[in-house]
Structure formats: structure tokens, C-alpha cells
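One chain is shown next in C-alpha cells, namely the form predicted alone.
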């Protein structure tokens, strides 16, 4: 059992002045088994899943870029007593996470079956539709605190648009999710129809780390160690931020809200400083950009907090938060994964009550319109 779960809430942590009703922007539900999808999958694709499974854009089938010592990248204490895998038991999630931490809303981020990385785009579309329906039936309809996202594989743009339209008519989803590891950088025009529809529907675009783009996760090739690969999540998000900004996505879609999830935020200042510097020197190459990259970042992008880079000195974290912007940060726990951030202890630097309220609640409420 982890120290986090064994430790009960202290009385002072239960008072109105110190407890916040939290919006957790990164909660991972899991299939108990792929049979959970049968009622949402046509017979053809049920058979396909049983006989062929996933065909992903990776040379390492069934590997994940996380330590082997944490099966399913989960906390040891997150395995439900009723069986099943972490994140697959709603009652246990309520008891372990939603209720004791006073989570007002939790945004579901599904990683099962790597929808975004399926080579067979038709199979990927069938899976994304089934998982989008499963989120409502198994989670949101059983606990209204849990909000579903529209998962789409952006490399089949026409299929993605069809799924977005179908889910938008249902009207219960709060964002559109795509992967940061697609076939091409996310700023490419082939993906713009998705961004255009997201803006029209006023649905934020959520980009959660993970997936397989068919390329090494670092610019130098395949890493040797899991810890090295985990480090590359921040590099991936930084590269996609540059692609979206430099290719002109926020200039073309000024009302599009983009949320990077589970990429941290410690890398943002240097990435944006570099973009601004290069923009000044090479702006003739990108005349479609009317403003400095930092201006687009501060207007169109938000970042969830987990994993928080924690310098030794609290004032350095404080300076980082101030530079990124209190209004740009959305709290996320990454429950039930091994590097979960407990909201009671997540920020090892002083925050005012107003600042805490923004990061833990009101920023997300404004982005997602709760």
C-alpha cells in the first residue's frame, strides 16, 4: 500500500479554507477486459479483435514506455480487491480517489488499445467508436462527475470527423482527444479539418502523451532505458507545441483551445523563448504568423500539471509557475498511475488561496465550461 492511501485526511485538511473541490483533468479508466466492448462493437470487429488484436505503429508489441516494475503503469494499491486491472472498478475508484479527494469533476483519458496508433484505420475507427460509447455507459452515466472525451485517430481524418460529428450529437463529451505521436507533426494541414471542427463545436482539443507514431520517441533514435523514454514525453509535447504554433494552427483557428495532458510544464519557458528568438530571425519564412509564438501559447494553450518538475528550491517552482501563467495550468492527478500526483501535496511551493483555486478548479471550469 502506498503512503498516500494509508495516510488519512487530517482535520485541518477537511476545512473549507484548505479543501477545494477539484477538477482532475487526467483520470484513466480501463477496460476490465476487451469483452466490455462487445456490446458496442459489430461482430466483424469483435472477431477481428479476438483473432488479430492490435496492429500498432511500433516494432515492440505490447511494450509501454514505463517501468516494468509497475505493471500497467499503475500504483500498487490501485489494484481493485474485486479483481480486474487498476482503473477498471468504478466503486473502487470512487472510494480510493473521487470521494476522499473531493473530486468534483474528473476528465476521462482512455489509453486502452492505443486507438491513435492503429495501422488498420477501419479497425481503429470501430474501436474508437466502441470506447467512446463505453465511456458513457460504464463511467459517465454511472457517476456524473466523470466526463468523457471523444477519442479519434487523427491519421484517418475522414473517419475522425465522422466520429466527432456522431459524438457531438450526443452532447455529453467535453473535449476531442488526439495523440501527440501521429504519422506527422500535429501542425500539418492534413489534420486541420479536425481542428476546424473542434473550433466550430467549441470543444477543447486534448493531447495526452503516449501512442506510437511509428518513429523513435527522441530525435536521436530509440532510448535504451524506460526512464530515458519517460523523459521523452516532455520532448514530444514540446515538439508538437512548436509544430502547431509554427505551422499556424492558432493563427488559422484563433478560438481553438488546446490542452496538453501529462507532459508537465517545466520545459515551457525555454521552448517558448527559443521559438520567439527564432521567429525574430526567420520571420520572413513564416509570414503566416502575425505574432510572436509566445503570444499564441499564452492565448490558445493550457497545460495539465502532472508530472510536476520539482526543483530543490521552492522559489524556482514558484518562478516557473508565474512565467507559464497561473491561468494556463490545470490540475491533473494521473490516477491510478505510478507517478500519480496527490492534490494535497502536489505543489511544493507556496500558493495563495486564489491561485490554488484557479489551478485546481476554475481554470478547468473555464476551459471545459463546467
Partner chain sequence: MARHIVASTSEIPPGGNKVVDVAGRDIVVFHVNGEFFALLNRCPHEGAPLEKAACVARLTSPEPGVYERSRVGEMLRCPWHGWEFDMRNGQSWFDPKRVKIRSYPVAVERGDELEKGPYVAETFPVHVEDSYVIVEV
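Model, not experiment: these values are computed from the prediction. Positions refer to the first chain, counted from 1.
Keep in mind the form predicted together with the partner chain is missing from the figure; the text below concerns it.
For the chain shown alone, residue 21 is not a contact residue for the partner chain in the predicted bound form, no non-hydrogen atom being within 4.5 angstroms. Taking the partner from elsewhere, residue 133 is found to have every heavy atom lying beyond 4.5 Å of the partner chain in the predicted bound form. At the 4.5 Å threshold, heavy atoms of residue 129 stay clear of the partner chain in the predicted bound form, well away from it. Taking the partner from elsewhere, residue 75 is found to have a heavy atom lying within 4.5 Å of the partner chain in the predicted bound form.
Residues placing heavy atoms within 4.5 Å of the partner chain in the predicted bound form fall in a single listed stretch, namely 333 to 341, out of 333 to 341, 318 to 326, 28 to 36, 44 to 52. Interface residues of 231 to 253, taken as those with a heavy atom within 4.5 Å of the partner chain in the predicted bound form (partner not displayed), are absent.
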